[in-house]
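Let's start with one chain on its own, the form predicted on its own, as structure tokens.
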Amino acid sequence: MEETPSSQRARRAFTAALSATGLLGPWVGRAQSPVVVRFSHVVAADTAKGRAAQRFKELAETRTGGRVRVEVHANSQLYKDREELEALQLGTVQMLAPSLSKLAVLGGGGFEAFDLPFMFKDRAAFRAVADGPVGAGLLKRLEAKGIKGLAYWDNGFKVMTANRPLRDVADFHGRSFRVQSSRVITAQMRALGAEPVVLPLSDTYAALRDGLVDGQEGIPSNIYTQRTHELQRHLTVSHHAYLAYAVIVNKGFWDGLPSDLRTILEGALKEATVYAQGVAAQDNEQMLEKIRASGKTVVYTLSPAELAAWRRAMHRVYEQAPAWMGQEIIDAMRAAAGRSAP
């Protein structure tokens, strides 16, 4: 018998009443609740990564009609650099976008190949690696650790800051520099004659303020939004390495989603990735100009001769790196990036 409008209303009211008492079981509430994706990252909300995460949130929630709710937690609100990967594996958060260096502990040293000095001559070279077989193969390695890699997000080329000019390689001697955890970056600093100090991004301002480190490497957008330029009188535009991220999810969570939701989220992430690529270069250029305009920091660009000296000093990293990641991944990345030599 076909239900009349009044009987439909009565049935819905009766079901709602039973649900309120718990008599229909806990699965009813779950079926009606949105899937929550906790997306944690360690940079400010107004950086390229922060804005791309927000774009993903907006697209995902709109296109799923509220079936998915994305909670973005920026600026290490939930976890610092060293904690977030463990939280993802435990399912405390569902999505991250860590820098590629951090993934070496999970997917082998191959991810550290992205840190090799002067590997990428421009953004297109990085995308050729990330979007090709090399990038896909590295993400695939994460699955054995319960993590699924979904995309690579750009950021930009690194610079150096300190309270003294950094032009000659000798300017690094005897100085300490904050770096993120990476054998390649640590070796790079030692090749320059500096002492690397591994610290989370969120601790860098205090370390510079208190004199625990003398300088840092990073990208202009992070340096400006973390306000570390206020503590450093000199910035050198060196473009010696590239900073990028991988968007990763807890594999069990991802595989457990309904297939239609996964498809929608994949589409939203694809658009957010294109957005991230578009804003990263623009943001870093704008932030560098803001650092210059602040009057607190002198911005200097290396001359061709100075840059060549930096490259020669850092070349020794390529002699050490095969022991950590294998020569095969270095050669494959070089070929994809169009680099015949470091």
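Please read these numbers as outputs of a predicted model, since none were measured by experiment. All residue numbers refer to positions in the sequence shown, first residue = 1.
The same protein also exists as the form predicted together with ligand LMR; that form is not shown, yet it is the one meant from here on.
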At 4.5 Å between heavy atoms, is Ala48 in contact with ligand LMR in the predicted bound form? no
Within 4.5 Å, heavy atoms only: does Met314 come near ligand LMR in the predicted bound form?
no
Practice prompt. Give a yes or no for Asn222: in the predicted bound form, does one of its heavy atoms lie within 4.5 Å of a heavy atom belonging to ligand LMR?
Written response: yes
Using 4.5 Å between non-hydrogen atoms, is Lys102 touching ligand LMR in the predicted bound form? yes
The one option of Gln94, Thr236, Gln180, Gln232 with any heavy atom within 4.5 Å of ligand LMR in the predicted bound form is Gln180
Picking from Met160, Leu243, Val213, Leu138, the single residue whose non-hydrogen atoms come within 4.5 angstroms of ligand LMR in the predicted bound form is Leu243
Among 51-59, 38-46, 281-289, 298-306, the stretch whose residues bring a heavy atom within 4.5 Å of ligand LMR in the predicted bound form is 38-46
